[in-house]
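Heads up, the chain below is alone and in the form predicted on its own; it's given as structure tokens.
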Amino acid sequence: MSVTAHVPSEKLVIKKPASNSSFLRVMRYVSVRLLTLFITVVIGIYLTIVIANMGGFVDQIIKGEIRDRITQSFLANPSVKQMDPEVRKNLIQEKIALEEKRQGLDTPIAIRNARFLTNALQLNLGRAINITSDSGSKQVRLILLERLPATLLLMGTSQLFLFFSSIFFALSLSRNYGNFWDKFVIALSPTSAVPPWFYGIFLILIFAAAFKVLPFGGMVDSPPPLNTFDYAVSVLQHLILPGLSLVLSSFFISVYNYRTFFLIYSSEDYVDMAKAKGLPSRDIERAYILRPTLPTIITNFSLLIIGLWTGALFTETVFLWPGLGRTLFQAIGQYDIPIIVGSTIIFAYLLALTVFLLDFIYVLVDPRVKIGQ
């Protein structure tokens, strides 16, 4: 009797290529991330519209202004004064209703908010209510674009100088922990609680009012110099005080934060091991301190760049700087909702795009980070 051994056949296992699974993971992550950011932007813009309109209270203010303006214009007309009171009243009411309809105030607020949200998401910013551009246009897009260069000049110069100088001084302090300058920066870091516009007022009193070496405000002399070089010098002179106030307000706390951050990484075991191996201090600083902190530094730099769009509301107002911050401050005071929403929606899109791109930048600078994990 022969015995036949049965050998079970091996199951054929087909493994999907790792590249395909990675691609699907990344695409799934990108889709979910974009959807989440879009929903966040929609909610943020809708809340901005509701808050800017104060739940409909601004509409009542605008209706009151329309009623007063039209009534006063009719009563100032001698021919209208001779009309029958009832006819005059009906004529005024008809004119008021036409003006309210022209501005869309006859539509329920919920419907108008929904339309406003839809237009804002499509970057159809519409027309401002009170504010106009230098050319006389009320297009929100033109108003914002007209004010943008001044804000980029002020905020870009001051914030970029603040960012790079803070990192430079923070690295220097982390190398000399506990010396006089380290204690000096720590002692002065609470001064950053003072807002920049407050520093601006003191700088104006000292350098403009007392010493008379710098202008009080504005962006250029009036009348502006015709020569290009003189014009640039004038702009630079007007830029010093507002830029200095923005830097002074955040310099010491920024240096203190980066210095503490660098000290934490410089106390890691792998840094001590690198020192024990005799590696140069510069190489240790570049490879073992700056490299691990790159994600945080890049994040701060990215948020700084998109923060240029918002401008400095009170500082630009104090120095009469014709930028986006001062325009937004005026829009808030005049209940100019299209300007407020237009500025907010652009900032929201910039912030969402930055947050989305940072996820991929982290992968490039930190090999421990994986998309979708």
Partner chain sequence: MNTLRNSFKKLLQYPSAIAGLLVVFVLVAVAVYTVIAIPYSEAVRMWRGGEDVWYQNPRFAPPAWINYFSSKKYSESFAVNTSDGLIEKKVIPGDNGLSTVEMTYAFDFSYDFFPQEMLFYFTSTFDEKQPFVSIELLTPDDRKIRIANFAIGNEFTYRFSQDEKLRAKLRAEDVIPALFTAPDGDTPLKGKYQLLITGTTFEPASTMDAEFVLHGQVFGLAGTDHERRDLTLPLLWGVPVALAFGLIASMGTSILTMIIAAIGAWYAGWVDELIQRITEVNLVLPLLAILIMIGTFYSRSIWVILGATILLNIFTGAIKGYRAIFLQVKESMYIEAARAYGASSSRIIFLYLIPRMIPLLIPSLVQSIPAFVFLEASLAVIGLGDPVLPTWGKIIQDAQSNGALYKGYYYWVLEPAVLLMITGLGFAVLGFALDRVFNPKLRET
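All figures in this text were calculated on a predicted structure; none of them were measured in a lab. Residue numbers count along the first chain shown, from 1.
Absent from the display: the form predicted together with its partner chain. The rest refers to it.
Proximity of I62 to its partner chain in the predicted complex: non-hydrogen atoms within 4.5 Å are absent; the residue sits far from the partner. Although the partner is absent from this view, L105 stays clear of its partner chain in the predicted complex, with no non-hydrogen atom inside 4.5 angstroms. At the 4.5 Å threshold, heavy atoms of L308 stay clear of its partner chain in the predicted complex, well away from it. Contact annotation: I340 falls within 4.5 Å of its partner chain in the predicted complex, judged by heavy atom distances.
Note on the interface: of 238 to 246, 116 to 124, 290 to 298, 201 to 209, the segment with non-hydrogen atoms within 4.5 angstroms of its partner chain in the predicted complex is 201 to 209. Just one of P224, G156, P190, P149 comes within 4.5 Å of its partner chain in the predicted complex, counting any heavy atom, and that one is P190. Between the options S137, N90, S73, T260, the residue in contact with its partner chain in the predicted complex by a heavy atom within 4.5 angstroms is T260. Taking the partner from elsewhere, no residue among L162, S166 and P367 has a non-hydrogen atom within 4.5 angstroms of its partner chain in the predicted complex. Contacts of stretch 116 to 153 with its partner chain in the predicted complex, defined by any heavy atom lying within 4.5 Å, are made by none of its residues.
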